[in-house]
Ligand SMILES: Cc1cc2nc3c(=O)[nH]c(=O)nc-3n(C[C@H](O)[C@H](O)[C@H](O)COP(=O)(O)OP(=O)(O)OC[C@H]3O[C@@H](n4cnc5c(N)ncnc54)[C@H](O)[C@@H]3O)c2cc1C
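Take a look at this one chain, the form predicted on its own, written out in structure tokens.
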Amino acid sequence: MLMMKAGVLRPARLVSLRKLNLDSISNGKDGVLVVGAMTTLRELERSAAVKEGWPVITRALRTLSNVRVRNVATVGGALAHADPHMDLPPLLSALGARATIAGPQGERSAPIESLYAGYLENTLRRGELITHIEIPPLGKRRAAYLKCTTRSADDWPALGMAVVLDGGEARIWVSAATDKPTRLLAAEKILKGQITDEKALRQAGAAAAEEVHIESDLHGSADYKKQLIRVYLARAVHEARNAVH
């Protein structure tokens, strides 16, 4: 609907997926969280299982647009939309989540980050749709998602930063400043074994700001977003370190 309103998409037909029974939230094998693609963002936000095992998702959803939108927007739709300003893709990528995709050739599984080719461009093939996503258990990992908005807290972000800490290592993903969820590998390398070192955090922020191509848009210039990356990387790591499981 967002793409139709923007004039980007003009379909000849619309097909409802409501009767496909893809709106469940359950625990799968080895503690994996299985979320149906037609689950609304509000259902995901209010899920007791998500709040207990993946509280970072619950926290992130509270500022994802507003309640009216979350009541109708679905998990699969939010992922397939491929807007880099979406909050879930970088967080799910950092958590190591995968999407199950069905099509004429059968089912396939793919990492969440592989769904994106660029701004409003996904990699779904003709006739394919996302049926559900699988999110590995957090275990002893700690996670945080922070976003910076230029207006209200639930607005589209100028920057989204997701961090998952596992022992002395960090997985860091950025969005909104880039045209798709992007992993900050140079920053991760600097922080390996040094996630509590403030100097290393500053060095990682500086490296992160330079290792990716930054997009200017209505939410901020490229230079402004580079500075946000420098600041928010350290903030997100601190938030993850102090996260209550």
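In this text, residue numbers run from 1 along the sequence as written. Predicted model only: the values in this text are computed from it and were never measured.
We do not show the form predicted together with this ligand, though everything after this point is about it.
Item checked: All of L2, A80 and W156 within 4.5 Å of this ligand in the predicted complex, heavy atom check -> Looking in the predicted complex, the three residues L2, A80 and W156 all sit within 4.5 Å of this ligand (heavy atoms).
Margin query: Give me the residue from E134, D166, E128, E113 that has a heavy atom within 4.5 Å of this ligand in the predicted complex.
Written below: Comparing distances to this ligand in the predicted complex, the residue within 4.5 Å is E128.
Margin query: Looking at L64, V56, L201, A208 here, can you tell me which has any non-hydrogen atom within 4.5 angstroms of this ligand in the predicted complex?
Written below: Exactly one residue meets the criterion: L64.
Check: Of the listed stretches (103-111, 169-177, 71-79, 136-144), which one has a non-hydrogen atom within 4.5 Å of this ligand in the predicted complex?
Finding: Of the options given, it is 71-79.
Next item on the list: Flag C148 as yes or no: does it have a non-hydrogen atom within 4.5 angstroms of any non-hydrogen atom of this ligand in the predicted complex?
Entry: Looking in the predicted complex, residue contacts with this ligand do not include C148, since no heavy atom lies within 4.5 Å.
Margin query: If we define contact as a non-hydrogen atom of the residue within 4.5 angstroms of the partner, is L17 a contact of this ligand in the predicted complex?
Written below: Taking the distances in the predicted complex, the answer for L17 is yes, it comes within 4.5 Å of this ligand.
Margin query: Can you tell me if A97 lies within 4.5 angstroms of this ligand in the predicted complex, counting non-hydrogen atoms only?
Written below: Because no heavy atom of A97 falls inside 4.5 Å of this ligand in the predicted complex, the answer is no.
Notebook entry, point to check: Even though this ligand is not shown here, does I190 get within 4.5 Å of it in the predicted complex, heavy atoms only?
Noted result: No, I190 is distant from the partner.
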